[in-house]
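Okay, here we've got a single chain as structure tokens, the form predicted on its own, with questions on binding and movement later.
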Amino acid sequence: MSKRAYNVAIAGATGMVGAELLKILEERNFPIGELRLLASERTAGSKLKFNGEEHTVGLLEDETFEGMDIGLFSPGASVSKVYAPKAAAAGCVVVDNTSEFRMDPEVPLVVPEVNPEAIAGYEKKGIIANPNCSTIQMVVALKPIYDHFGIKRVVVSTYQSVSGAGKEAMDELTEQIRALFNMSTPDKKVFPHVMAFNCLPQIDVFLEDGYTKEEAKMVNETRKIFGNESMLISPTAVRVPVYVGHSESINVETEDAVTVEEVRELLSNSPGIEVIDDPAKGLYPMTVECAEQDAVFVGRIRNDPTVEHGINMWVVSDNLRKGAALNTIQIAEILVRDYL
């Protein structure tokens, strides 16, 4: 890590990802000079602590990025669309956690364990995009397999926690559980159906082809990250009544012959991955144990006998950490180490 201190602005500091950004910056001792916390009028003026000091949250405005070196953004796509280019124009390199710039061909889409070299492309617009949470954990698990055996096709089903839809979604799940236990009718505001004790096979809106926008993100983002527009990916994204942590059932058909033992050893020695895979002892990744952890956890690695070269695996990660804030900060760490 660089010995120089960098001025860092956090846009969306009072949100769930903003809170994780602050926590992880502190945990990883990121070299911060001035810290500028920014939010909308609704929460500007509130106080947040960082490294034992209280900081007042400022209002996100046009001139708030003057003198900043790095902007960590998670304020919502519509806000990033307006302010990320303004921050970049002021000389502040933006790492954006929203969906706004992910598919912009002039903006690198980065997962440090997968394509760190893409960060060099930040100079075109001064912006680096953070992928979707469900995409991040999938590509971390796929990268070693892709490099060593090639990937012909991926079929993925996600089991995504409600925190992916924000704090209001978590509150709604709590209220619905309380209502059902009290034999009353639960309210629905965030989700189109009752989320409590339910699995909702819809995340975001449906597109003309019958897939949801979330599923399309997984396909398009994965292809961009791997630089392979012909990669075959078939996703189904499902919201489940879990507070934090996304799980994914991933079926991989490889180009070359592959064994379970080879995949297990390969993943065990790959950055950002922790293998928990001893089903006989009841050991496999679960959200309750993976929450607040940095790694992408992989287990239930097994052969798929229905194709010539196939592997099934179960992948779990904390969507607020590796799926959002941690990945953002890892990008910033490479920025200060190699580019700024």
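What you see is a predicted model, and the numbers here were worked out from it, not measured in a lab. The numbering used is simple: start at 1 and walk along the sequence shown.
The same protein also exists as the form predicted in complex with a small molecule; that form is not shown, yet it is the one meant from here on.
Site residues Asp147, Met231 and Thr254 are none of them in contact with the small molecule in the predicted bound form, judged by any heavy atom within 4.5 Å. This chain is displayed alone, yet in the predicted bound form one of Val154, Ala165, Val258, Ala118 has a heavy atom within 4.5 Å of the small molecule; that residue is Ala165.
The single contact residue among Leu72, Cys133, Ala84, Val107, judged by any heavy atom lying within 4.5 Å of the small molecule in the predicted bound form, is Cys133. The chain is drawn here without the small molecule; in the predicted bound form, the stretch among 118-126, 172-180, 211-219, 192-200 whose residues come within 4.5 Å of it by any heavy atom is 211-219. Proximity of Gln137 to the small molecule in the predicted bound form: non-hydrogen atoms within 4.5 Å are absent; the residue sits far from the partner.
Contact annotation for Ser270: none of its heavy atoms lies within 4.5 Å of the small molecule in the predicted bound form. Mapping the unseen interface onto this chain, Glu113 falls outside it, with no heavy atom inside 4.5 Å of the small molecule in the predicted bound form. The closest heavy atom approach of Arg264 to the small molecule in the predicted bound form falls outside 4.5 Å.
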